[in-house]
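Let's start with one chain on its own, the form predicted on its own, as structure tokens.
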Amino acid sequence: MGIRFILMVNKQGQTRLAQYYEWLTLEERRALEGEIVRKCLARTEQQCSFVEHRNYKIVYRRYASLFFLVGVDNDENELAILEFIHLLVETMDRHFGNVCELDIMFHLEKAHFMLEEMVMNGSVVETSKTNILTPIQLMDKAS
């Protein structure tokens, strides 16, 4: 399957966006998010951006005040996921203009829509920023 979940978390460990591509109960999600966020936020910048947790490989990257965490299968390519995180941030930057935590909070539906355009059932299906943002720009024009 590839990608199991995508989290966007602030420096205080509060989840700002969560997208899961496998079924977990709400309690399991809360526990998993808490464990992963504590583990990733405790790491220094000199440590690598890959962490193994339970049966997942966590690939994360910090941009400004947001941490982007992606849980993947153990056989997934970590560098490809880092590149996906960078593409996601670049896409959000292009739309919001230097994406920050407030952009995610106040435009959560657009952030989810971007993710839905990029990832389907745990697989990356779109990498063109133009193709990802065109439907969002059309919705903005219509409203």
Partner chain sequence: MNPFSSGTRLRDMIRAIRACKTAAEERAVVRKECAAIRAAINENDQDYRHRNLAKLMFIQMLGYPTHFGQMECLKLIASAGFPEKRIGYLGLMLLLDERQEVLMLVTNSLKQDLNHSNQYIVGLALCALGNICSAEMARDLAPEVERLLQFRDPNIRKKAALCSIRIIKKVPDLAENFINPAASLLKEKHHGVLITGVQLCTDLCKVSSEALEYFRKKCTDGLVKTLRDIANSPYAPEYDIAGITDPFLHIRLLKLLRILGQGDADASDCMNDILAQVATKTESNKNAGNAILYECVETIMSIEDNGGLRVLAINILGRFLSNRDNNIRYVALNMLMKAMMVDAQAVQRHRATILECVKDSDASIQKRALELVYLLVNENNVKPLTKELIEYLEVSDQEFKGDLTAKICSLVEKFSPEKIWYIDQMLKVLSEAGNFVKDEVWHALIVVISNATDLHGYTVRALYRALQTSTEQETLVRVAVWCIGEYGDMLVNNVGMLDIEDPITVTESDAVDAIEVAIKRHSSDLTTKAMALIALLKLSSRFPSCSERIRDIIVQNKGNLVLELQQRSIEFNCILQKHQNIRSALVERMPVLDEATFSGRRAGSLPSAVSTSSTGAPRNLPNGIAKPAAAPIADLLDLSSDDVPAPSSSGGDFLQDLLGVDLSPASAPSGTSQPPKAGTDVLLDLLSLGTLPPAQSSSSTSDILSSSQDNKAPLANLNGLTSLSSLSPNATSPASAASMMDLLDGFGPSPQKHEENGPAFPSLVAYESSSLRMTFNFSKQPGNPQTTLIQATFTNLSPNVYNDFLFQAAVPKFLQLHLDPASSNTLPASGNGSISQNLKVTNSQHGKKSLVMRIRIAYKMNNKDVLEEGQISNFPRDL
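Residue numbers count along the first chain shown, from 1. Bear in mind the structure is a predicted one, so any value in this text is a computation, not a measurement.
If you look for the form predicted together with its partner chain, you will not find it shown, but the lines that follow are about it.
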| property | result |
| --- | --- |
| Non-hydrogen atom within 4.5 angstroms of its partner chain in the predicted bound form for each of Arg4, Leu41 and Tyr63 | no |
| Its partner chain contact in the predicted bound form: His95, any heavy atom under 4.5 Å | no |
| Proximity of Asn55 to its partner chain in the predicted bound form, heavy atoms at 4.5 Å | no |
| 4.5 angstroms heavy atom contact with its partner chain in the predicted bound form for Phe67 | no |
| Contact flag, Leu102 vs its partner chain in the predicted bound form, heavy atom cut 4.5 Å | yes |
| Interface residues of 39 to 58 toward its partner chain, as seen in the predicted bound form [heavy atoms, 4.5 Å] | Arg43, Gln46, Gln47, Cys48, Ser49, Phe50, Val51, Glu52, Lys57 |
